[in-house]
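Presented as structure tokens, the chain that follows is alone, the form predicted on its own.
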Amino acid sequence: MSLRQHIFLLIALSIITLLSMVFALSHGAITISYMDVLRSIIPAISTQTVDPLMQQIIVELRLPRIILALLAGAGLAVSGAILQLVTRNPLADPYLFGISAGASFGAVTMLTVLSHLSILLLPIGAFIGGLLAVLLVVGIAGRSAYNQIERMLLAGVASSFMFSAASSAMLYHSDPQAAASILFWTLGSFAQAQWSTLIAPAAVILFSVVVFFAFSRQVMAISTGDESATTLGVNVASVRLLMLVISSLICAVIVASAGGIAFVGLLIPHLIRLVFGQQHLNNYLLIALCGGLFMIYIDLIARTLIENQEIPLGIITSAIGSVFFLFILQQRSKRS
């Protein structure tokens, strides 16, 4: 794909994303016309006034959650692509490495043990939990290149089950009403999105994408093999650890803002491979736009599929991701 085609693709995806945001703003428990949506977010386009109630629904309720969906989808998709590149495993995903389970455990700990400070400490607890999962996985895998990837995957699966069991135990011993709300939150939801809560995920994801771009050459060298990357002068262990830590930071801030959302980091990079080819897996802007676009529609389905009821996001993404995961396994077995 030439540079001109690449730029055209990014511009087209950006326009589709903006149009999708307007579409999602218009639909929900109350359907609002597209012109009222545009007048609410861009008052200068018309002299006509919008019903204050409709404007409040759009600006204060729907727009923050759609932006959070865009950020969460972009962050999880880029994080999944990075994990697949540095581990050379197309099935790698933040959940597979236990990062999301560790972040959920840290957040649940803050919500149950320090409930009066949970709003302030929730992102910190989620990051500590995600970082703890990364350190556990890296510690078990060791620094040697031999069998490091296989050990990482097995350690990630084991730590994911361990942190999930610990979170379930804390929920079991917590207050029933609190447990119900925490359980819904751990399954994923953008319902609590507010303008003030968008700063942290936006800053973290933007910073992480910049770091990924800065280390894109080293990451692509690692994806071809540890030996060849070492020959090119890449410190494989350090770069891999840094990418895992940054991925845990992304997952932590998303878990703290929206709870657990599974399979996005696995699904989007594979769709990029199928549609655009393996060489575009380090195109983080493309991956971020596709991930954000995917989550906008997942959130729209969650709020509109059942009337007057919201479905947890994790249920929808897990249903889609599990089917796609089986499809990938079937295709890999056919190629074998």
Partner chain sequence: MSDSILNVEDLCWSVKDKNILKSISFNVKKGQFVGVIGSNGSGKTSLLRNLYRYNKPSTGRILLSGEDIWRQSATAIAKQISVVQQAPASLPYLVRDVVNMGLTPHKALFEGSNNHDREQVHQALGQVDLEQFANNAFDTLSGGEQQRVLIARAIVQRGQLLIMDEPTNHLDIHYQIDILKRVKQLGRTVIVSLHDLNMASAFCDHLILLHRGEIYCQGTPSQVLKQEIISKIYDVDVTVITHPDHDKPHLLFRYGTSQ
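Nothing here was measured: the structure is a model prediction, and the numbers come from that model. Positions refer to the first chain, counted from 1.
Absent from the display: the form predicted in complex with its partner chain. The rest refers to it.
Taking 218, 160, 257, 87 one by one, only a single residue has any non-hydrogen atom within 4.5 Å of its partner chain in the predicted complex, and it is 218. The contact residue chosen from 194, 231, 168, 238 relative to its partner chain in the predicted complex is 231, the criterion being a non-hydrogen atom within 4.5 angstroms. Taking the partner from elsewhere, residue 279 is found to have a heavy atom lying within 4.5 Å of its partner chain in the predicted complex.
Looking at residue 175, you'd find every heavy atom of it more than 4.5 angstroms from its partner chain in the predicted complex. Although the partner is absent here, residue 109 lies well away from its partner chain in the predicted complex, with no heavy atom inside 4.5 Å. Shown alone here, residue 154 lies farther than 4.5 Å from its partner chain in the predicted complex, counting heavy atoms only. Note on the interface: of 210 to 218, 125 to 133, 100 to 108, 68 to 76, the segment with non-hydrogen atoms within 4.5 angstroms of its partner chain in the predicted complex is 210 to 218.
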